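What follows is one chain in structure tokens, specifically the form predicted alone.
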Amino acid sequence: MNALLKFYRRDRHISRLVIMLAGWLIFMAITCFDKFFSIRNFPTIASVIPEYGLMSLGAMVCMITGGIDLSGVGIANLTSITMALFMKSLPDETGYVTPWMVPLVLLMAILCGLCAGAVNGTLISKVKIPPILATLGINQLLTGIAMVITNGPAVQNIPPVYSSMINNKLLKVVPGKRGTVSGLIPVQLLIFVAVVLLIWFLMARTSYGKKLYMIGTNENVARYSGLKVDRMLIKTYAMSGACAALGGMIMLANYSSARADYGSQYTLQCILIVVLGGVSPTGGRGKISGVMLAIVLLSLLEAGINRFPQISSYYITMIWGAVLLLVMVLNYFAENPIRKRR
């Protein structure tokens, strides 16, 4: 018991997420074990996580600086639409695109995200526009450009080689006696894990992470200490844009189409994940491990709720909003000793 109390007091955000995750898994095991704990269910969940998980990672690094990035969905959709139109212009008369073009398309998408994020960082650091207004305005601008390009309908009939390569699964297994073969590890999840490891290395093993936390703790002190705050902010928001662009390319592979309003609920979901993971909205505090746990928790919550047909999927957004407010209230009382005692 003492060990559990020490673990909880050391990091209450991580402890709270572990308790919630364990409680939800126990509840699902009691109510619908066969439907939830199946070989097919978890690969499906793992293929959806990278869509909003990548955007959440970008929102995390921005929030650690004391800012916020609300342009992730706009960057993701415009990037996926642009790359879908580009790929549709590539096939020859047989409609075939060589597989080596897929990494090139992903690289081009990352460059597009870097440029869009750098614009966010420039508006925030140089023009001194508040982050919430700058990123919200960029999101609306990019969404409008995407709607003008597509005139509303989705861009479809992209070369099938792209979706087949990104949606491929590794570690084939035979779940039943009938000989049906199923993939266990989606390629999308491997891309997501690679980005997680890269950001973790930057945050925990390089001076970039220390500078980022310093900016979030006190930007004025960081400036007087000699840090090039403007350059750091531009790099950070550019990284967030690249993560959002990759998330858009995952959506393009999952849906085999691109549209200006795909993933519109991900803005709220990403902010909820970051705050639930222990990242302070005022900056200077947060861990990628907490954000990862929050991503897993929310994905399992959504997958579990969908196993109850009597509960409409429209309630999910309402639940996310209520959870976000609840977490903010809990953090408000927990971060101040006087309010905590009361």
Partner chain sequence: MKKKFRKLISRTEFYIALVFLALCLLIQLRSGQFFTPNNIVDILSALVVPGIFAVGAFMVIISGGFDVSFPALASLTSFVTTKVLLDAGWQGGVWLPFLIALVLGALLGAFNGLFIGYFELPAMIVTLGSSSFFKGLMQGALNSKQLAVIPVGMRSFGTSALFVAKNVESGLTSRMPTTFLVLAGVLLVTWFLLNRTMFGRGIYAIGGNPVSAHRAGFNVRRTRFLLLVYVGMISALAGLCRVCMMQQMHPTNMLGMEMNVIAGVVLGGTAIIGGAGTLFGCMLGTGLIVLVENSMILIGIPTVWKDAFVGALIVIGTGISAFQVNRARRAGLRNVRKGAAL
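Residue numbers count along the first chain shown, from 1. This is a predicted model, so every value here is computed, not measured.
In what follows, reference is made to the form predicted together with the partner chain, a form of this protein that is not presented.
**OP:** Please check if residue 103 has a heavy atom lying within 4.5 Å of any heavy atom of the partner chain in the model of the complex.
**Re:** The answer is no: residue 103 has no heavy atom within 4.5 Å of the partner chain.
**OP:** May I ask you to state whether residue 18 is within 4.5 Å of the partner chain in the model of the complex, using heavy atom distances?
**Re:** No, residue 18 stays farther than 4.5 Å from the partner chain in the model of the complex.
Original post:
For residue 90, is any heavy atom within 4.5 Å of the partner chain in the model of the complex, or not?
Top reply: Although the partner chain is absent here, residue 90 would stay clear of it in the model of the complex, with no heavy atoms inside 4.5 Å.
Original post:
Is there a non-hydrogen atom of residue 127 within 4.5 angstroms of a non-hydrogen atom of the partner chain in the model of the complex?
Top reply: Judged by the heavy-atom cut-off of 4.5 Å, residue 127 is in contact with the partner chain in the model of the complex.
**OP:** Mind telling me which stretch in 240-248, 108-116, 127-135, 189-197 gets its heavy atoms within 4.5 Å of the partner chain in the model of the complex?
**Re:** Correct option: 127-135.
**OP:** Name the single residue among 185, 268, 165, 85 that comes within 4.5 Å of the partner chain in the model of the complex, judging by heavy atoms.
**Re:** Of 185, 268, 165, 85, the residue with a heavy atom within 4.5 Å of the partner chain in the model of the complex is 268.
Original post:
If you look in the model of the complex, which residues in 27-64 sit within 4.5 Å of the partner chain (heavy atoms)?
Top reply: Only 63 sits within 4.5 Å of the partner.
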